[in-house]
Each structure stands twice: as C-alpha cells, then as structure tokens.
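The form predicted on its own is given below as one chain in structure tokens.
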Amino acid sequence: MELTVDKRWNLIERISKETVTFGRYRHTLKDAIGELTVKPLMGIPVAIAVLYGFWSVFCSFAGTLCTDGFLVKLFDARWLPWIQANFPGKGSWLYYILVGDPLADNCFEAFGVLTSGLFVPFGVVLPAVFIFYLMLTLLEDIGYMPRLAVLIDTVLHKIGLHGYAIVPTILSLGCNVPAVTATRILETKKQRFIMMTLLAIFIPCGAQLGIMQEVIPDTMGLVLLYLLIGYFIFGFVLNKAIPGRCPEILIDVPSYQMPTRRNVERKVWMRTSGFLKTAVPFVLLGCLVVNVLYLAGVISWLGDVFSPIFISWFGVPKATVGPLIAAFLRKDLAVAQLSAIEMTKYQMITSVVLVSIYFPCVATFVMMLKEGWRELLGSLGVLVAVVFLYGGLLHLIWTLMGVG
C-alpha cells in the first residue's frame, strides 16, 4: 500500500517519538578540546606538537632503545662472528651469498642473506614498524585523524587533493602497500592518480625510515625535507597538468574517546604481521639477487654503462647501481647497502633521495597495477621525469654551494 506524503511524515514522527530520547545538551571539557583542535588557531600548534611527539617516540623507541640498545649488539657482537666462524666453505660463492664479506665487522657491511638479510627486517625495521603502527592506531582510535584531515585540507587543495589525502600519506609512512589501497577514499580519478603517484615517489615507508635513522641520523632531516619539497612541487605541477576536479571535503568529525585495548592490539598485530609477510621474503630475495649479480659481474657492467649519468648528472658513485637494483625489491635494503659505499655526506644525501624517488618496491608496484595499468604507466612516466629532474637539481645545488 502506497503512503501519501503526509502519512509518511506522520509515520516518521511516530517512530522518532518511540526511539529518540530528548534531553539537555551539556558542553563538556572533551567537547571544548575537540572543537579547539579542529580550528586553525589552536589546531595547528597542537598538530605540530602531536607530529613532533610522534617522530620523537619513533626515533627514541625504534632507533635508540631497540636497535642500538639491544639488537645491534645481538647481531653484530654475537650472531655475525658466530656465523662467519662456523659457516663452511669460507671464500666460496655460497659463503659470499649467504654470509657475505668474511671481514665485515657489522651486519650492514656483510650483506649476506643470513646476515644483512635477517638484520635489516628484524634488527632495524620491525621495531620501527611496530611503534609507528601503534602510535597511528592510537591517534585513529582517539579520534584525532579526522581533525588533522580538516586542518590540512586547505594546504592539500593546492596540489589537487583534500584533507582525506592525509590518511594514505601517513599510512604510506608505515607501508606503501596499504596506502595505495587507501587512495580509494578519494572521490575522483585525478585525485587518486596524484595521490598514488606522490606516495610512490616521495613518501618513504617505515622500513626505510628505520634504516635511515640507523645509517644517516645526522642528515636524515635534510633528506626528508627534500622529499617534502618535492611532494608539494610535483603535486602542484600534476594538479595543473591533469584535467579533472577536486571536490570539497565532507567528513564526520567524531568526539574524542578512549581507545580500547583489544581493538588496538588487533590493528597493530594485523598491520605488523602484514609487514613481516610482505617484507622479509623480499629482503632475503633482494640480498640473494644482488649478490648473484655481483658475482656474475652484472653490477660492475651496469655501473660502467650508467657511470656517465650517475657521475655527471647525479654526482654519485657508479657503485650506487647495486642499491638501485635492490630498491626495486626493498628500498630499506637499498639504503642499508648504500651505507657500505664510500661517499661524501652530500653524495649520500643525493643517493638516499634517489633511492626514495626511484621505482616503488615490487609489492607497491603490484598494488599500483591492481588499481589500473594506465594509472601505473602514467605514474611510472612521472617517476622517470622526477628522478632525472630532481636528482640533477640536487647535484646542481651541491655544485653551486661548492660541496658537490
């Protein structure tokens, strides 16, 4: 039976009277804090403080406490000497692949499957990824992330995105794989393409951040600054070059609440275990492939072929060819390998930036392909242009400063 408009409204009114309870609204302290942290005057200083605290805890827990305080001693002082002394066939190709350099005094420089291949994911990356996902989960469950999206909305509109883009951006600092999937929350194809391209090029994952904190702690801030500048410069260019619209943000900002322990544990476990399943096999495979290529002379040959580009255009040693090959499997592995190459401070900065903006790791590559092969090819075209333009620009800057 069809109801008239009046009968429908009468039915709605009757249902609402039976289900809705009316009372006086009391403005609590929690409500006041929630309103203040979403307004620029108070919200921006709070956001800076939150992100600074996030970064400080990340570096202190992952780098100083876990890696330097315990795991470096375990791997370099115990595991490395033991396996170098007891693994059979010292000097053979199998020893070189699995153990690495028999004279190395740390796992970074050994670069064997059973030395660097185990130390990178478990000794450096795992603590970094765990604390990153723990803090991110707490911010999500407390209700702060929607407020950060509102605050950053105006800035991100300049590069064709809106506040929602902060979600895949921060997720990408943990791992690019779920971040590519998270680009689906953006409404238009233009926004999804820009976001996927920028995170694949300019956002280092938590694993790479952990390695950078370990091998280049003094210049890590400068590397991140160059990546941040590139994020906005090329985002602005893509926004102007790609046709399409950028709709306004429409978001529900919930009240602050206490996170539940069970939910935090499940989310952290799901994300951390996902990282282990994805990262560890590729790190081990990366060590294996790069060592085989070294033994076969392929790395040396590629270094000779590309040396004019690497030395003249980028201003880095031709030995960085090896890490760039490893970067396609795992960028954290590539940064670890760079630490064993003799370079100046400025060459190291350029090399790490090149690894960061180089092809996304194979797991991210596969996820981008799932989003569409046209989008993948477009992103890769932008990536090639960015590598040559930005890498050459860095070399030019160092040269003009007289330190290149």
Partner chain sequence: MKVLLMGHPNVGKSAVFNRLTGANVIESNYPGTTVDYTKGYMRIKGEDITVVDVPGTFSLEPKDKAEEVAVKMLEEEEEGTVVICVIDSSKIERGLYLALEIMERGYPVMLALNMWDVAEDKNIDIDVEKLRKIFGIPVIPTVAISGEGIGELVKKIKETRPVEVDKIIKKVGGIDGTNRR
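Numbering follows the first chain given and starts at 1. Just so it is clear, the structure is predicted and the values come from calculations on it, not from any experiment. What we label the rigid core is the largest C-alpha set whose atoms superpose within 1.5 Å from one form to the other.
The same protein has a further form, the form predicted in complex with its partner chain, not shown here; the description that follows concerns it.
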Q.
If the cut-off is 4.5 angstroms on heavy atoms, which of these, 81, 254, 297, 91, is the one near its partner chain in the predicted bound form?
A. 254
**Q.** Selected contact from 186, 203, 177, 215, since only one has a non-hydrogen atom within 4.5 angstroms of its partner chain in the predicted bound form
**A.** 186
Q: Sort through 204 to 212, 256 to 264, 117 to 125, 279 to 287 and report the only stretch with a non-hydrogen atom within 4.5 Å of its partner chain in the predicted bound form.
A: 256 to 264
Q.
How about residue 98 - does it come within 4.5 Å of its partner chain in the predicted bound form, if we only consider non-hydrogen atoms?
A. no
Q) Any of the heavy atoms of residue 230 lying within 4.5 Å of its partner chain in the predicted bound form? A) no
Q) Is residue 274 close enough to touch its partner chain in the predicted bound form, meaning at least one heavy atom pair within 4.5 Å? A) no
Q: Flag residue 400 as yes or no: does it have a non-hydrogen atom within 4.5 angstroms of any non-hydrogen atom of its partner chain in the predicted bound form?
A: no
Q: Quick one: name the residues from 8 to 22 with any non-hydrogen atom within 4.5 angstroms of its partner chain in the predicted bound form.
A: 8, 9, 10, 11, 12, 13, 14, 15, 16, 17, 18, 19, 20, 21, 22
Q.
After core superposition, I'd like to know whether residue 384 moves between this form and the one not shown (criterion: C-alpha shift of 2 angstroms or more).
A. no
